[in-house]
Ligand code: HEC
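In structure tokens, the next block holds one chain alone, the form predicted on its own.
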């Protein structure tokens, strides 16, 4: 027996000691880690339900607001903010439901709340309403121009640059500066009011750019010309040339 033990490598002996210490420590500490009442009624704490009941309600839910503010909820239901809960903007309202006179909801009149969703961010979806706070009516509160429950712009944008400022600034210094956006993008009129639902079209083939840039084009005599049949035929034009600033790479 002793001969068999003596043949075990020292590393294995040390590992066995470490494992034994860990298991022993776990068995000692385990009772301290088990919450009181655990296992009395299955695999959960028997007091968990009482703890949940004791939690104070803070939020009332959107349905509670309808009982008194049906005019606002009707407006909200038909607006762009219809998927937002009232408490996103007005804060927790459980106290207001219990005692409306004593607990008044908050009304965001400053410019800090709306930019949480609407400040310009390049990763936001195309067409999502965005602004740059420092330059967008910087002295006015958002609600002075926009009804929060139906936040349509006071004036429907007449120019693409109203929403596509970054593209407009790039195009302003490019060779395409004099080309109207609608020449390349067929744009439904409803795009101005519902930009994500009604999207402009985009060119689908090389022949579109070839209207101006093939050797025999009569559209623009100053535009760079190519032989469309032989010029990088494996690629679409916009894979090498950014349309709004189409310098050659």
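Keep in mind that what you see is a predicted model, and the values were worked out from it rather than measured. Numbering follows the first chain given and starts at 1.
One more form of this protein should be noted, the form predicted together with the named molecule, which is absent from this view; the next part is about it.
Mapping the unseen interface onto this chain, residue 38 falls outside it, with no heavy atom inside 4.5 Å of the named molecule in the predicted complex.
For the chain shown alone, residue 216 is not a contact residue for the named molecule in the predicted complex, no non-hydrogen atom being within 4.5 angstroms. Residue contact with the named molecule in the predicted complex: residue 120 places no heavy atom within 4.5 Å of it. Put simply, residue 201 is close to the named molecule in the predicted complex: some heavy atom of it is within 4.5 Å. Residues of 130 to 153 lying near the named molecule in the predicted complex, listed in sequence order, are 130, 131, 133, 136, 137, 140, 141, 142, 143, 144, 145, 146, 148, 149, 151, 152, 153, the criterion being any heavy atom within 4.5 Å.
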